[in-house]
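Read the single chain below, which is given as structure tokens and is the form predicted alone.
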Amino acid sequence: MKEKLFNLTENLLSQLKEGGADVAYCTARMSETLEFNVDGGTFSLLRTLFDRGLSMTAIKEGKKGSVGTNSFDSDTVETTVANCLALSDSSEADSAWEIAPGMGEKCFERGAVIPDKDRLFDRTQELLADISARYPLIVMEQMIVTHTKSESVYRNTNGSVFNTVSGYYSVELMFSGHEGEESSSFFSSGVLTDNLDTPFIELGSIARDLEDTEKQIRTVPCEGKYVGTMLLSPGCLSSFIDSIADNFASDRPLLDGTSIWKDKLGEKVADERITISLMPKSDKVVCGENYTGEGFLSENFDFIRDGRLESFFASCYISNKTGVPRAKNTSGNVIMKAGEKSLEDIIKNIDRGILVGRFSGGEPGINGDFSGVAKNSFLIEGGKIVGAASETMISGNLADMLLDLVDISCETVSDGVSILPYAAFNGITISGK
């Protein structure tokens, strides 16, 4: 496999150069996935999936073209190269386009490259049995358990050649709680892992998610409208961090000049207890990013440290266009520094609020205003959880909430992708029917 990918990428760059590209880069990858499917609590499918992909970018006189294909046959590759060059010819010239400098030849190997198929099947059966015994009100709508082995080669015309071999197990669950005629909303939970040493039910937040879903079969309405505290579960916190990054620190708002943080690098944008990092090189991240799509070697970096904005999520192109520093990785492997209080103690100090398991809403406004429905959530009154909430509206502002932190839990959830705590914020409008 390795030799094929090496030869293919070398040939690709030669064709792109011969076609007039000044600089170019390409990636060829092949993967094999072993998959167990469980539907309605019964094994329904065992299959092996094979995938391949080829992507290439050419820059010619400052004009960029990028294309991809899932075929490696010579005629398709030749046509794809021609399409890539044609796209670059038809694009507008922009001197900000560039590729990463040459970094030589590097090999990366991470995770469980060779699957233990028997052990994987045993762990999957064990998970089904554990759910049935411990959470009798749960109906497993779908369970997908896989092992994926992937190999890729990245190459650019500056001399970089990166060979990556990786392997990981994944568990994806979709379920709901049922009792008589009543049922909860659907919920999903999942993890990545590079070993089978631990029962799946003990990984990530799977057990907690199943327990919470049983408790959400019967709900109580939120009465009235008030400004209170929003306590985000780790999974929901992840989606809010994504929205914050997209709205204030990503390529588009930086290029458009709409980011309210565009001039705040090094300044306070959050409570000093908040530190959020992107860490693909962490040993708790499964098969993290080794290099960016532009060909730069990935490094860990702080997005916000001690409340101060330390980095944007800018690509090399946006960095060249705006002058802001380029982000050191593009991984999405978010790690937030834990706090000192337990989740139980945080809840005890909330007079009135909501613990949000899932948020459903539209895109936040340019200024960070958000509004949507809290799903799979619990109402908090007088320092206690008083019941699962029927769908409840919540609204606030992403930038303001970072400055109005109540507390961060000492407990964290590590799912192989991110490591996140619970976090509570004041100033959120909560309204029922």
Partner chain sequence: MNRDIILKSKELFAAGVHTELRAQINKSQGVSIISGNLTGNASSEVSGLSARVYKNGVYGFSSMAECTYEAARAVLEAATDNAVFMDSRVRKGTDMFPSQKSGFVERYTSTDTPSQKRYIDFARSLDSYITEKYPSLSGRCVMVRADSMEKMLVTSDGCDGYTSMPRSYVYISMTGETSNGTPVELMTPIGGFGTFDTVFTSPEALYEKIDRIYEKIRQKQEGIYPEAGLKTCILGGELAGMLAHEAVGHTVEADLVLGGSVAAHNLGREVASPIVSMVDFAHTFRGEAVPLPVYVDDEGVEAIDAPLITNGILTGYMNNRETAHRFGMTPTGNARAYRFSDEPLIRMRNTAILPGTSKLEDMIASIDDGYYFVDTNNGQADTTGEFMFGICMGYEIKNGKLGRALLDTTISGVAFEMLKTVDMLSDTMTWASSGFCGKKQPMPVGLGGPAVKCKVTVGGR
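Remember, it's a predicted structure, so these values are computed and weren't measured experimentally. Numbering follows the first chain given and starts at 1.
The form predicted together with its partner chain is left out here; the points below concern that form.
Contact check for S95: no non-hydrogen atom falls within 4.5 Å of its partner chain in the predicted bound form. Although the partner is absent from this view, S360 contacts its partner chain in the predicted bound form, with a non-hydrogen atom inside 4.5 angstroms.
Taking non-hydrogen atoms only, G323 never approaches its partner chain to within 4.5 angstroms in the predicted bound form. In the predicted bound form, no heavy atom of N7 sits within 4.5 Å of its partner chain. A heavy atom within 4.5 Å of its partner chain in the predicted bound form is found for exactly one of R208, R352, R252, R273: R252. Contact with its partner chain in the predicted bound form, defined as a heavy atom within 4.5 Å, holds for exactly one of D242, D345, E299, D122, namely D122. Residues within 4.5 angstroms of its partner chain in the predicted bound form, judged by any non-hydrogen atom, belong to 133-141 and to none of the other stretches in 335-343, 133-141, 193-201, 273-281. Residues D369, S371, G372, V373, K375, E391, M393, S395 are the members of 369-398 with a non-hydrogen atom no more than 4.5 angstroms from its partner chain in the predicted bound form.
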